[in-house]
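Next up: just one chain, as structure tokens, the form predicted alone.
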């Protein structure tokens, strides 16, 4: 019963969804200020979600209905489990199991895979094109993303999130080293792609392919996909804080770290144009790969 409460309410789905919408409002508000606009009211993300919930859900005749509807559900369940693991680690670093970091990496990979499957099953040629872009993007950023995570593992000799937090509290943050700075930079760039934000939003590209992977979604399934992205925007910076910045303790320092990472993500989104998929692949497989390998080498020699 306790586990069910944690999954559904706190620190699981409800908690992550509510604060994810708050973070989404901050994102939209800061974006508006950068563009010299007023921005939306505080409750706008909640209104948008509610509006999608009451709209009719339509399923294309050519779609594989089961896969099409299962996709957003799988994505949001995996994201909720990630949030549950990360917050339980923050509240009690000794509460979880050895290898929980590996589980988080695996679960974070499920969202893009679910999006690819959902778009591919819709039967829409534009969605299929977008799914192809999403697949290529995922295959390009995922390796540098994982290599950047391996740097804290090498430096701290553990694959347990709780130990990563505790070691940094006693020995200093991972980002205090050269390898940590490089790995953190690669991580931030990779999560920009994982979140589907500019300049790596070519799988959605509303002005080009009319929403791309989500073109056939409507009603509740679309609401779940959008909510999942919002929840990821909330929890992935927390993942970065655990890996590179020593966790969320004390809370006011943790919130400051979180806001800094969030602002960096927002600024990258609003100061760069969308790139083509071939440019993104070259960027991740060349620049980011070289930097992540360099960070690994420096971590292994203690720099």
Partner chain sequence: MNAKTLTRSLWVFHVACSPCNNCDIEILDTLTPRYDLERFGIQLVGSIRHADVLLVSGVVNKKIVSRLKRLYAQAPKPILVVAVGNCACSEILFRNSYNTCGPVDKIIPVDAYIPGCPPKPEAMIMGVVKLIRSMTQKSDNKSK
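Positions refer to the first chain, counted from 1. All of these numbers come straight from a predicted model, not from anything done at the bench.
Although not depicted, the form predicted in complex with the partner chain is the subject of the following passage.
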Exercise. Though only this chain appears here, would residue 215 touch the partner chain in the predicted complex if you measure heavy atom gaps against 4.5 Å?
Worked result: yes
Problem set entry | Interface membership of residue 39, the partner chain in the predicted complex, 4.5 Å heavy atom rule | yes
For this session: Answer yes if any heavy atom of residue 28 is within 4.5 Å of a heavy atom of the partner chain in the predicted complex; otherwise answer no.
Result: yes
Exercise. With a 4.5 Å heavy atom cut-off, would you call residue 88 a contact of the partner chain in the predicted complex?
Worked result: no
For this session: Tell me, out of 222, 103, 146, 73, which residue has a non-hydrogen atom within 4.5 angstroms of the partner chain in the predicted complex.
Result: 222
Exercise. Where, among 28 to 36, 253 to 261, 271 to 279, 233 to 241, do residues come within 4.5 Å of the partner chain in the predicted complex by heavy atom distance?
Worked result: 28 to 36
For this session: Can you tell me which bits of 33 to 66 touch the partner chain in the predicted complex, meaning any heavy atom within 4.5 Å?
Result: 35, 37, 38, 39, 40, 41, 44, 47, 48, 50, 51, 52, 54, 55, 56, 58, 60
